[in-house]
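One chain is shown next in structure tokens, namely the form predicted on its own.
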């Protein structure tokens, strides 16, 4: 089964199943300590992304902008960029500013590295300036995310004394996922540099008084020491297939071994992640984590009769879709539609590799999909449930099937930033939610109702 392009070349996108690349870059910069995201382009880009992130994370998100005018669009925005950097430095006192160029700046060919170098020369002792090209026409928010991670590593990682710590590049996950990944690594006694770490900055505690920036994030000192780590764990099948990643750069330039893994979603992928931690630490899996795994397997047995043979449509960020497809295959649910708005050649092979029990004649994989093409395929395939972010609600409502909200974005419910997808604990949460959702639908549609299932 090969991935099918969702729309023929030249077809207009109808309700995109993705967000623009600068959003992903802003999430990365938000996960670095004392770093302010800055968009070089129009004010509308910053306003749109800020509002989009706030509605999911329910946290204040500051994103600066060079605020192009019509004149800047013609003659260049260097003046605005330098003035904006000076204002951010004065108002926030950051140690770093992450500058992402948007469609407008990229289209006019703005020489941002030259502008930043000139600004740094004129303002010695100022914050570190990290530049990442992130036009929306060159990829999705996940592409912007991974591109920003690489630029951050290139900027900060410097030759240093080798140490026993590990680097962990988790991909675009929820803050709750990041917290759990840190717990798992710490359980094996490993020191870890997580990049990015927005587990606090985008899901923090209530403030007693106003702060210019949310505390937390990966420290600049930890970034500098990534070049001396014993290895880099890179999560996600799609970046793992691309050698142009932060982990690949560290391996090439600093000889830090790269360990590509899938997102630890479900039993099999979490087993692979735990096995990697065992190898790196030389320690056996702690007993409490083994018990979590045992409870998960036991629950699979308990709930198997309720989920076996059900058909599911899932769409969203490519690596999360791959991980969810693996989990569904493990519990007997048949993914009949796996779709993403990203265009990754590795997506279809990774989905196929994750499915041991799929019927290739009853599986459709879409890349570069929009919500219109996803809906057209789903109407034909008739799934029993949908797994997606909030954008999946119209389709689920049309088909009369339940929606299980996962990933990003979740705008119509509280707690999207606290959803746990990874690890045995995350698989347990997803499995219980899936089974109970199907049981609830069975009760609601029954003529007699059920009091015992």
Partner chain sequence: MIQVLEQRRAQIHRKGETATPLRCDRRSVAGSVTQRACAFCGSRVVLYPIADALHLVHGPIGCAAYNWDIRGALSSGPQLHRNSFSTDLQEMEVIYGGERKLKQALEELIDRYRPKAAFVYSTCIVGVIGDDVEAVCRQVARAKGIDVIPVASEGFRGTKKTGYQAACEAAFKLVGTGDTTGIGACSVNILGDFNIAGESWIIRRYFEEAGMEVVATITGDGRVDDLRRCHGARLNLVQCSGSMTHLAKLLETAHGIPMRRVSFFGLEDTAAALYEAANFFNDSAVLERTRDLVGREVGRVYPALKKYREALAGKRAALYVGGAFKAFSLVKALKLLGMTTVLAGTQTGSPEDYELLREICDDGTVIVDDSNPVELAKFILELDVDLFIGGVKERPIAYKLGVGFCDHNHERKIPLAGFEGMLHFAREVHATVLSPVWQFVPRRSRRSSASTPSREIISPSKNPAAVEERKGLA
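Model, not experiment: these values are computed from the prediction. Numbering follows the first chain given and starts at 1.
In what follows, reference is made to the form predicted together with the partner chain, a form of this protein that is not presented.
Asks: When the contact criterion is heavy atoms within 4.5 Å, does residue 292 count as touching the partner chain in the predicted complex?
Replies: Because no heavy atom of residue 292 falls inside 4.5 Å of the partner chain in the predicted complex, the answer is no.
Asks: At 4.5 Å between heavy atoms, is residue 424 in contact with the partner chain in the predicted complex?
Replies: Although the partner chain is absent here, residue 424 would stay clear of it in the predicted complex, with no heavy atoms inside 4.5 Å.
Asks: With heavy atoms only and a cut-off of 4.5 Å, decide whether residue 90 touches the partner chain in the predicted complex.
Replies: Residue 90 belongs to the contact set for the partner chain.
Asks: Hey, in the predicted complex, does residue 228 get a heavy atom within 4.5 angstroms of the partner chain?
Replies: Answer no; every heavy atom of residue 228 is more than 4.5 Å from the partner chain in the predicted complex.
Asks: May I ask whether 19, 44 and 371 each come within 4.5 Å of the partner chain in the predicted complex, counting any non-hydrogen atom?
Replies: Contact check passed for all of 19, 44 and 371.
Asks: Among 127, 165, 349, 204, which has at least one heavy atom within 4.5 Å of the partner chain in the predicted complex?
Replies: By the 4.5 Å criterion, the partner-contacting residue is 204.
Asks: Could you tell me which one of 345, 252, 219, 73 places a heavy atom within 4.5 Å of the partner chain in the predicted complex?
Replies: None of the other options qualify; the answer is 73.
Asks: Using a 4.5 Å heavy atom cut-off, which stretch among 399 to 407, 380 to 388, 54 to 62, 424 to 432 contacts the partner chain in the predicted complex?
Replies: In short, 54 to 62.
Asks: Within 100 to 139, which residues have a heavy atom closer than or equal to 4.5 Å from the partner chain in the predicted complex?
Replies: The stretch touches the partner through 103, 104, 107, 108, 136, 137, 138.
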